[in-house]
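Encoded as structure tokens, the following chain is the form predicted alone, with no partner shown.
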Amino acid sequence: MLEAGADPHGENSEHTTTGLNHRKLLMWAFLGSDCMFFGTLIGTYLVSKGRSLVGPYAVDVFDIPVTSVSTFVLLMSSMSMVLAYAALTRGSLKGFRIWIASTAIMGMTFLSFQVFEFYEFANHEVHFKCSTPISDLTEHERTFIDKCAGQDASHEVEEQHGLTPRTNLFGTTFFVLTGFHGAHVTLGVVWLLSLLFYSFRGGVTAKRNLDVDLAALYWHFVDVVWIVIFTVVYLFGVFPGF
């Protein structure tokens, strides 16, 4: 409730019994529910881990260096989001626009990496020479060893066997989890761009910064969720003893 004498029209003059602006409190409530949502998806992934009857598996398709680059880009976008909010509170609209645009660009770069990654997974190819020792082949590659029957040692096996949500249990849980995160990032990018354009119409100023504050909370949450996904899904998927 508003205290007596409070300005109901000023976003920064609202005083509530919780000490938080109503809109900010609602954002925290939303992020709390989203934590449970992603917690459920991650839990489902972990429970289903290792139960796929056919490949490809995480170790077959994951490219840790590429995903590490996209993760770094997303983490740097959190820093630029902080700089955007700091510039706005100092009254520097030019600085705000530069940093908010940088944040959106890095968000789109992360999404581009994710689209590329999904494409590569869907078009994954099994490729090995028949002379390769079985101990050096992955579990998924060994299922194609019969292609070497009657062939000389120099023969190369090339089979396209991509990963999609319908391929196996791993594919289903992986794409649902990372796909929903990608949707959150997409929403965040749209939100950031709308704030950028809104600033040219006088809707974003040093005194009217609540919209940017809420967007920053959402963006940092998306980044934190990705850190968890990258660690649990990617690193643990390729390095079981990590």
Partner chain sequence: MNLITKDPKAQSDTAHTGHPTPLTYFKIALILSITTAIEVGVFYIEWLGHGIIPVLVILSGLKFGLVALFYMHLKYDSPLFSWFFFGGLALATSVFIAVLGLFKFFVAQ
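Predicted model, so just to flag it, every value in this text is computed and none were measured. Positions refer to the first chain, counted from 1.
Missing here is the form predicted together with its partner chain; even so, the following discussion is about that form.
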- Task: Kindly confirm or deny that F96, F113 and A183 each have some heavy atom within 4.5 angstroms of its partner chain in the model of the complex.
- Result: no
- Sort through T109, S78, S92, S102 and report the residue having a heavy atom within 4.5 Å of its partner chain in the model of the complex. S78
- Query: Might R51 be said to contact its partner chain in the model of the complex, defining contact as any heavy atom within 4.5 Å?
  - Reply: yes
- Query: Does S68 reach its partner chain in the model of the complex if we count a contact as any heavy atom within 4.5 Å?
  - Reply: yes
- Message: Does any part of F72 reach within 4.5 Å of its partner chain in the model of the complex? Heavy atoms only, please.
- Response: yes
- Message: Given that its partner chain is not shown alongside this chain, does L46 nevertheless sit within 4.5 Å of it in the model of the complex, heavy atom to heavy atom?
- Response: yes
- Task: Within 4.5 Å of its partner chain in the model of the complex, which residues of 216 to 236 have a heavy atom? Give them in sequence order, or say none.
- Result: L217, H220, F221, D223, V224, I227, V228, F230, T231, L235, F236
